Ligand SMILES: Cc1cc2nc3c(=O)[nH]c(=O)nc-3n(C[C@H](O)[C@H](O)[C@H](O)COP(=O)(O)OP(=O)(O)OC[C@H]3O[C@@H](n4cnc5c(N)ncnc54)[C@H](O)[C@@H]3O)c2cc1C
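Next up is one chain by itself, shown in structure tokens, the form predicted on its own.
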Amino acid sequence: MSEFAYQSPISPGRSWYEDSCGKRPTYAPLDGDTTCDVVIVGGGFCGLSAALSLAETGTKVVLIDTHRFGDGASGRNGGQMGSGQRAGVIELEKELGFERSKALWDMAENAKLSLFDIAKRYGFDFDYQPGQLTPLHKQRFEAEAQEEVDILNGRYGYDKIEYFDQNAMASALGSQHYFGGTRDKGTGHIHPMKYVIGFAAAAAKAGAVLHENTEALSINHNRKIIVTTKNGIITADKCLLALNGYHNDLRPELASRVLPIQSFIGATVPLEHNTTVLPAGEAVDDSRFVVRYFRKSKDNRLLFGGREAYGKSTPSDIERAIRRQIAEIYPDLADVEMTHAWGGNVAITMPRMPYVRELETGFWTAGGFSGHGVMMSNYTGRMIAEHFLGKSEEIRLLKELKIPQFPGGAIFRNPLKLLALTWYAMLDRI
């Protein structure tokens, strides 16, 4: 275990990412009142991206986070980039039509480029490895998966994805557990904590003022944005609230449309170099509603996620549940040693698309990336910054999406969420 081992105060379990990223830089808490052009609340991918984009233009920006950057989902997630939006193009075309669906696809492709561009310009590594497999746990899903590939290859002009039959998928996975599925060579997976660290360093170098361990106690908006913290007040012209699954009901609009769920990951000891598990090193996200997602790290560990919890309490059997899921797919790993098991909040919306809104003039929020945030939360922060700067209105594609409230109101919302997600998890098994 690393001498720099660290336990997030808001997310359960010791993360392998935290133990493998070296010493994390710290940023001092706010100490006294300050003014700025833009204040950002939330130091994950979205907030850091916006801070960097603004600071690069000379905009005075202050970013605060209740804890340390990356303590939430941005530093503890599955690390998979994916392609497109969380909702597939067949689904999006039915709801939005081809033109808007294609524009959202192109946005996600721009997000990939942005991810690499920032790391290249500021010279930090984030352990990128190419390739993503999406195997199908039910045979009846094969026809739609083939149709999606044909659409992407055709009118979307994306030739990096192909359909694998059951035998090809078994070879790529090193497992007979699934049916066919897709292989996407145009995406891959990363070490998310290394990206958070590089992102924060880049934003600070560009001139953003960063404060960890600085909680926003209240946010008021009259002619100015007033963010009150324990140790000072920040006065700004504009604000981005980028809290995703850790909004703590700070604004009722978020509580009704962006719901946190807990997701858990385990890390094994390094596998043998001649292992048949994922021989080409792709990431995997399967077709379940409660997605099982896994990949190998650069040092050949299996990082496996799939255990979820829908209440506020953390289950006590994280490792046991993850080990059971690993054994279903890779029986030979039933007794593999696990070194880490951790979790954290991801945020979902009803349609699995992000909730991006201008709550009041100059006061924006973004969240609910529904497990697709490595690219999209990053790029959403950049798009909102470019809107603030008058450089681009690309963010309106997300702002105009219909994101309904979860049913049940404040009292019954969480019980109904528990009932619905438990139902879908049961359907995965039958």
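Model, not experiment: these values are computed from the prediction. Counting begins at 1, following the sequence as shown.
Beyond what is shown, the protein has a form predicted in complex with this ligand; the following relates to that form.
- Though this ligand is absent from this view, in the predicted bound form it lies within 4.5 Å of a heavy atom of just one residue from Gln85, Ser101, Thr134, Thr214, which is Thr214.
- Using a 4.5 angstroms threshold between heavy atoms, Thr365 stays clear of this ligand in the predicted bound form.
- Under a 4.5 angstroms non-hydrogen atom cutoff, this ligand in the predicted bound form has Ser377 among its neighbouring residues.
- For Phe179, no non-hydrogen atom is located within 4.5 Å of this ligand in the predicted bound form, even though that partner is not displayed.
- When this ligand is considered in the predicted bound form, Gln129 lies well away from it, no heavy atom lying within 4.5 Å.
- Look at 200-208, 340-348, 152-160, 112-120: in the predicted bound form, residues with non-hydrogen atoms within 4.5 angstroms of this ligand sit in 340-348.
- Residues of 8-45 lying near this ligand in the predicted bound form, listed in sequence order, are Ile10, Val41, Gly42, Gly43, Gly44, Phe45, the criterion being any heavy atom within 4.5 Å.
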